[in-house]
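Let's start with one chain on its own, the form predicted on its own, as structure tokens.
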Amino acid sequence: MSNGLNYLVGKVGMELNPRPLRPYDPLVCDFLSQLSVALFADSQARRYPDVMSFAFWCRKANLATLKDNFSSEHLRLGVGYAFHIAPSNVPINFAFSYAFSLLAGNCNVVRVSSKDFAQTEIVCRLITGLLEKPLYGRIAEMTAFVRYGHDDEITGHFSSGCNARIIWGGDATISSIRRVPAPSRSVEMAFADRYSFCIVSTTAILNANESELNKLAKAFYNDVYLMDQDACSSPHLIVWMGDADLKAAQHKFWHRVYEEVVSNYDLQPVNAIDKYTMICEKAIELDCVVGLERNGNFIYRLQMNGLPDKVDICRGRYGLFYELKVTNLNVMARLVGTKFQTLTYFGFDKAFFCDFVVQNNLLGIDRIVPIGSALDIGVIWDGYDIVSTLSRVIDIQ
């Protein structure tokens, strides 16, 4: 095999045990809950909000809730051995991918990002510590974390016997990995590049009191600025709808968001330049751009009088948004394709969105969640029930 393969958890030549467990096996749930405890207790881990989010997700109480909600009238076992290719731009994603598959009952080899994220070192260090305990010997046989560069030979090695392959990344990455064969019975889950947007009610904003508005601004900040809009679930397009005064609603909302951003966000000069360059490029490229509003150098808002057929080219980073006023959300329906992942909202109820999705027979939008929940990854993601997909049904009659 080619050089450049490093084991962060496990070691070269280790023999994994692909014999599957049942979903939400008690030993697996106990292991993950102890990992949660270890992460909360670690001073380095506490420096990273995304690591704390993972620790909060895999705490004992949440795993018990997920287990209770996992219903199957059939006997299920994991599919066996799962090979994961984690994304390069979301540091903690590799840990979620591992946990989801482990809960499904599988042994796992996880290729982590080649970028040297501190979060990767922290989580792998604490997992290694737990796996050294005899109690978790079975989990140790089911766990390896590796790092290597782009190398089809190594990818082919780990893909050759997998029962499931989970690929996180851009469209080019997924196409590249798919050129490497996997067994014909292998389950493949591809979490590709997606597009997300947000809808806000003008009436709800103008009716919001100070406390509600502060909470909303913080929630919006978390959706957008924690990942610099790099996460596939972070919104780029802000759609306003309602009969109330648009300008007044925009001023009230963005002024409070600006206060939140100024207090918490470190805008690097190079990123500010990138954002300004992006604005210029989009203003030239898109005929439907009719103006620009801004709140200091932290929030730039391109005003739109329509949208291009390929809406997903309307992307921002570091606080660049596209704003559109609509009288009916159904005008978005013809534009919603399979690229669309998350719709975040404020001021609407679930029934409104059920009608929107069903009546328009939408091909895209897999998540509709309140503002503040865009980054809340879970076992239901990108339209997949991950634990069910990574486990198999044994039909006994």
Partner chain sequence: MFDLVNLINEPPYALPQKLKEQLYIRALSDITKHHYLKCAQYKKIIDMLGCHTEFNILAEVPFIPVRLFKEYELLSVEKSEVVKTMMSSGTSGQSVSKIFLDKVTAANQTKVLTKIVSSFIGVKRLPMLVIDTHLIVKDRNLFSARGAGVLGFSMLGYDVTYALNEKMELDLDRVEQFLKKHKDENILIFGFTFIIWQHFYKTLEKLNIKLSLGNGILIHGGGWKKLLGEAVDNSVFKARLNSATGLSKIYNYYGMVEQTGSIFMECEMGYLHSSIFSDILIRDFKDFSVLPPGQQGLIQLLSLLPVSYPGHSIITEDIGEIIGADDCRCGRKGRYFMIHGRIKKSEIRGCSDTYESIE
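Not measured: the values here are computed from a predicted model. Numbering follows the first chain given and starts at 1.
Separately, the form predicted in complex with its partner chain exists; it is not shown, and the next lines address it.
- Every residue of the trio Thr173, Thr277 and Arg294 has some heavy atom no more than 4.5 Å from its partner chain in the predicted bound form.
- Ile177 is the sole member of Val79, Val239, Ile177, Val261 with a non-hydrogen atom lying within 4.5 angstroms of its partner chain in the predicted bound form.
- Contact with its partner chain in the predicted bound form, judged by any heavy atom within 4.5 Å, is made by just one of Glu121, Asp152, Asp245, Glu212: Asp152.
- Glu132 falls outside the set of residues with a heavy atom inside 4.5 Å of its partner chain in the predicted bound form.
- Not displayed here, its partner chain is kept clear of His157 by more than 4.5 Å at the level of heavy atoms in the predicted bound form.
- Although the partner is absent from this view, Gly105 stays clear of its partner chain in the predicted bound form, with no non-hydrogen atom inside 4.5 angstroms.
- In the predicted bound form, at least one heavy atom of Trp168 sits within 4.5 Å of a heavy atom of its partner chain.
- With the partner omitted here, the stretch from 68-76, 264-272, 94-102, 201-209 that lies within 4.5 Å of its partner chain by heavy atoms in the predicted bound form is 264-272.
- Taking a 4.5 Å heavy atom cutoff to its partner chain in the predicted bound form, the contacting residues in 283-307 are Ala283, Ile284, Glu285, Asp287, Val289, Gly291, Leu292, Arg294, Gly296, Asn297, Phe298, Tyr300, Leu302.
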